[in-house]
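In the block that follows, a single chain appears as structure tokens, in the form predicted alone.
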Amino acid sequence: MRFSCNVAELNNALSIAIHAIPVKSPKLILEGILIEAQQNAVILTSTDMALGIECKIPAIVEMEGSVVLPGRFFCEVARKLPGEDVRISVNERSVASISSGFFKTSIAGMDALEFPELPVVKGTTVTMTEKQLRRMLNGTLFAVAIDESRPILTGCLFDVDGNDMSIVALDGYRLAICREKLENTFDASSHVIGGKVLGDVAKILNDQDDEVSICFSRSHVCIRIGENMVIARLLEGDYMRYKQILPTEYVTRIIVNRMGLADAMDRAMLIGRESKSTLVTFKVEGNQMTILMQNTSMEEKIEISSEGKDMEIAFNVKYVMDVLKAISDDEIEMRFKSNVSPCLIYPTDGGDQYLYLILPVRV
């Protein structure tokens, strides 16, 4: 095998592929990265058997072939290459000679035939733009459960129904839902993708209108983003019936400036840090809301628009801040049923592009 390619493009592909390279594996071959030179491109593949990533970059291929190089070491070497281009040739003993600028070295590789093939995923395929998927993931991933006691909640639910797709995350204390319209109509189906996988996908996505395809089979998902492909095993189990926990009534409704509330939460978190306080109280009285940080002297009043009863309710300040960071709207709507019932957060335009639920803390 012999080819040359741009160093920046190689490093960009490696920065994506490295997410599927295990730090330590009983199978040494899995700690490597498969490099295949075909026609006018080089394909980089990595897998830990649960997650697989494939990246393609343009290259000048003089001789087609393949090799498996030690993944993390090769990534480190590539990051330090001095030239704009790199030339790689591999002999019959799987030894790769690498040259860039005035730099030369060689790395012992492994036989590509030993590297496992990524599964072929066939099934329902939905498409959207990178911008749309990026918004949905950024708006939900923070609410994925970290606790492994309920593994199904460590992922996000992809709920497809007709021409609607929702991504849902919940950890027992808050719920995040983001929705988008699809161009085509599909039968109702639900799939759960691991939060770690989706975190890696979010890092690949750009704020662009380029198309992304998401294909679901019974056991795997394949996400194609440009020349990059991510394949992962779906999480097994029944996801919580989240629609049943959404309150349908409220007694207090307020509209508040999102950045104004976020700035107040930021100050509350700062003041609470000294006393290790995480509890913030919202006291709604007419068109004014007083924010109080427990066990501190911090108090701040902000203007709101409200209807219904006055309300006093407390939350974990971080949970409120996470939601405010995930929204880009200038204003948000908050609904309260009681001081022990969940708070719901909606867009003020009456749309359904997002919905957040935060459980209060009993005071």
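Predicted model only: the values in this text are computed from it and were never measured. Each residue number is its position in the shown sequence, starting from 1.
Form predicted in complex with a further copy of the same chain: not shown, discussed below.
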property	result
Residue contact check: Leu81 to a further copy of the same chain in the model of the complex, 4.5 Å heavy atom	yes
Residue contact check: Asp207 to a further copy of the same chain in the model of the complex, 4.5 Å heavy atom	no
In the model of the complex, Leu141 touching a further copy of the same chain (heavy atom, 4.5 Å)	no
Glu130, heavy atom within 4.5 angstroms of a further copy of the same chain in the model of the complex	no
Candidate site Asn12, Ile43 and Asp310: all three near a further copy of the same chain in the model of the complex by heavy atom within 4.5 Å	no
a further copy of the same chain: the contacting residue among Met298, Ile304, Ile332, Leu51 in the model of the complex [heavy atom, 4.5 Å]	Met298
Of Ser149, Thr105, Thr185, Asn287, the one that lies within 4.5 Å of a further copy of the same chain in the model of the complex (heavy atoms)	Thr105
Among 176-184, 72-80, 197-205, 110-118, the region lying within 4.5 Å of a further copy of the same chain in the model of the complex by heavy atom distance	72-80
Neighbours of a further copy of the same chain in the model of the complex among 258-291 [non-hydrogen atom within 4.5 angstroms]	Asp266, Arg267, Leu270, Ile271, Arg273, Glu274
